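The chain below stands alone and is given as structure tokens, in the form predicted on its own.
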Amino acid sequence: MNAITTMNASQRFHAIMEGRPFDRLPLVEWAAWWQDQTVVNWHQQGLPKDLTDRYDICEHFGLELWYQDWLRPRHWECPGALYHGGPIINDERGYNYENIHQHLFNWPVDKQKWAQWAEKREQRDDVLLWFSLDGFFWFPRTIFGIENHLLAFYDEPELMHRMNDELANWMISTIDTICEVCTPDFMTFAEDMSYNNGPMLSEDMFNEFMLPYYQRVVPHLKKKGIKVIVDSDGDITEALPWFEAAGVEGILPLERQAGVDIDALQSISPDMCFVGHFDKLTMDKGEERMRQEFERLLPAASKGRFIPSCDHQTPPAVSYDDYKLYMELFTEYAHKAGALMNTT
């Protein structure tokens, strides 16, 4: 097969996600670095100190610019939890769902920002656009708190359904507002509903409390031409078919330390798309170890429907020189994957 024409970031993303030939893999960090640790360290190790913005740092390293807007169902004036993972309703301050309802589902879409991003995507070949929404596991957890949320599946089923019904309605309205300006390339539902031992709820609970709302929102996204991806940490293997049945098209970040394996995922769901899975704990171990990790991912990446990237934020142990070496290897293997895809 002849080498294909060089693609822009949007063309490359859609080609890979649809299993079509591509010129090379995207060079991408889907999650920003630890600004208060990793980036602070890099400023002491050679990264220009005036580079603090996520996208400026991407340009410095030669990464594509995946502009992300995370739209929250909770307004910034909504009361917060007293501690991390705590409730914002039914605590000692007396808040309940009705008390905070005025602060929900009214986060404004910055249409001017989206217009500027859309213009950049037209003018440059390294820009891709996406947005994130709190998912149907994530959002109730932020209201109930971690522990109470897991109990609420049994203790507060009507309220759980009300929350997710209202969330789905707000999502559809938000999607329409963004699409008045442009069509993003993809979106992510933030869920984080798995840990090292798998999902935090059963398939029955997923089908009862989450599936009906995915089935309302996902078709709306697809009708708009937006790829649908779920962001869940931990081992997503067991829940992968649940999301596929809900119409979701992809999963990220495939954390290696949680035992996720790309070959197993592609075997279970060959039509699903994946982003991430490069073991971040190899990034301070030198060239040989990083090269071994790229070699592990190369066969899966050359099949399409998989975009390797760090499987979460680059940790502070990774030095500036480590990351420059990582980028050299990433570039090498990005082209290797494209070449393999186009010779099979």
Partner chain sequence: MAQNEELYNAILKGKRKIVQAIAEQAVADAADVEELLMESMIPAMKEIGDRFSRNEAYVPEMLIAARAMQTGLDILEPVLAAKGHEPIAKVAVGTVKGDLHDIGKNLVVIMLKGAGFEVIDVGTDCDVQKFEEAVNDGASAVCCSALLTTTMPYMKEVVEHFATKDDVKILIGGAPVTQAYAEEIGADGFANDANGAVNAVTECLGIAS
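Numbering follows the first chain given and starts at 1. Note that the coordinates shown come from a computational prediction; the quantities given were computed from them, not determined experimentally.
One more form of this protein should be noted, the form predicted in complex with its partner chain, which is absent from this view; the next part is about it.
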| query | Looking at 95 to 103, 161 to 169, 194 to 202, 125 to 133, which lies within 4.5 angstroms of its partner chain in the model of the complex, counting heavy atoms? | reply | 194 to 202
| request: Give a yes or no on whether every one of Y55, M290 and Q292 sits within 4.5 angstroms of its partner chain in the model of the complex by heavy atom. | output: no
| field | Heavy atom of A32 within 4.5 Å of its partner chain in the model of the complex | value | no
| request: Indicate whether its partner chain has at least one heavy atom within 4.5 Å of a heavy atom of K223 in the model of the complex. | output: no
| Contact between L298 and its partner chain in the model of the complex at 4.5 Å, heavy atoms? | no
| field | Q257: touches its partner chain in the model of the complex, heavy atom cutoff 4.5 angstroms | value | yes
| Candidate from D176, D261, E238, E208 lying within 4.5 Å of its partner chain in the model of the complex - any heavy atom | E238
| query | in the model of the complex, which of the listed residues (F153, Y213, W138, W117) lies with a heavy atom within 4.5 Å of its partner chain? | reply | F153
